[in-house]
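One chain comes next, on its own, written as structure tokens: the form predicted on its own.
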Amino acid sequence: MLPPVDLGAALRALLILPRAEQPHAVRALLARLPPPAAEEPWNTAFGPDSLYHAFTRCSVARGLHGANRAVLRPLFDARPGFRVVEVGGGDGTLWAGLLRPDDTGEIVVVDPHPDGAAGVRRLAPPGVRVHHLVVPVQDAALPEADAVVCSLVLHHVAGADAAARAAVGLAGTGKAEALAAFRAAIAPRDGRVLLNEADVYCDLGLAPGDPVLTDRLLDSYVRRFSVSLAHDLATRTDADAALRARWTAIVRDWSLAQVGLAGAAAYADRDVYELDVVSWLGLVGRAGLTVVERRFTDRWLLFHQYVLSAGA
């Protein structure tokens, strides 16, 4: 049995190393962390004991969901019978504490996972209908909506647009086409798009094996996200032993493991294709969207919220 690891101390020791030495230190830390009790690939389970649900309880996720609720609740109050498109339903955490018993409206969940709308359905009051489009966002025909909420989904879509994808041998559409579809959905109702993504660039402009790609993934998943979870482990008194074990598993299986994917042989073998704030601002402008407001939603300056309108 591996001895217990003080994750906060291990990360502090890792991050004072020269940047060129940090990838090796990540691999060494991975080897020291206890193996998972059961294999759970990310985004494959959404129940109360899942890694995904544990993620929704960490501080950076709570900040993200709280920021989205603060925008959506006034919109719902002003528009009884609202229609919202949520891209990526997850376990439905966004809707906990947001929906009221007397709300009326419709939520359309776009999620390729067959259980992607189950969590939303459990939380919806009788007057709110829930529909599930079981397709990736790139293939969804979106209805008119008062709001489109897309949190931590588009970073799984490689490339700024179809042309950028084609240049590296990938078919299909990219982020810009998805944003244009969001604009088309909200324009008839003067609605809002709520986009939440991390502030880091690791998209197709960085080739497989590029040391800069490795450093960018380290920046997002280790220097900010893993450090935030280590802080939760050290300070959150509401976390029981089971939740703390799942947070540690997230650091090991999702966060630290992402750094290794920088060396993947092909662009399509990566898991994430992030954009930094400047790149997102350029892309939403190209899609015809206007920034109403934007801000970071956590103290580690990891997740950034963009509230967007269809503009003129």
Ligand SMILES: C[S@@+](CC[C@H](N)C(=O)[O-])C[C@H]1O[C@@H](n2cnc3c(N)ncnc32)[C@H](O)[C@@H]1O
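Just count from 1 along the sequence shown to find any residue number. If you're wondering where the values come from, they're calculated on a predicted model, not measured in any experiment.
Only in words, not in the display: the form predicted together with the ligand, which the text now covers.
Judged by heavy atoms within 4.5 Å of the ligand in the predicted bound form, the contact stretch among the candidates 46 to 54, 259 to 267, 278 to 286, 24 to 32 is 46 to 54.
Scanning Pro125, Pro208, Pro112, Gly205 against the ligand in the predicted bound form with a 4.5 Å heavy atom cut-off leaves one residue, Pro112.
Though the ligand is absent from this view, in the predicted bound form it lies within 4.5 Å of a heavy atom of just one residue from Ala176, Leu152, Leu98, Ala118, which is Leu152. Contact check for Val157: a non-hydrogen atom falls within 4.5 Å of the ligand in the predicted bound form.
The shortest heavy atom separation between Leu217 and the ligand in the predicted bound form exceeds 4.5 Å. The closest heavy atom approach of Gly90 to the ligand in the predicted bound form falls within 4.5 Å.
Put simply, Val85 is far from the ligand in the predicted bound form: not one heavy atom of it is within 4.5 Å.
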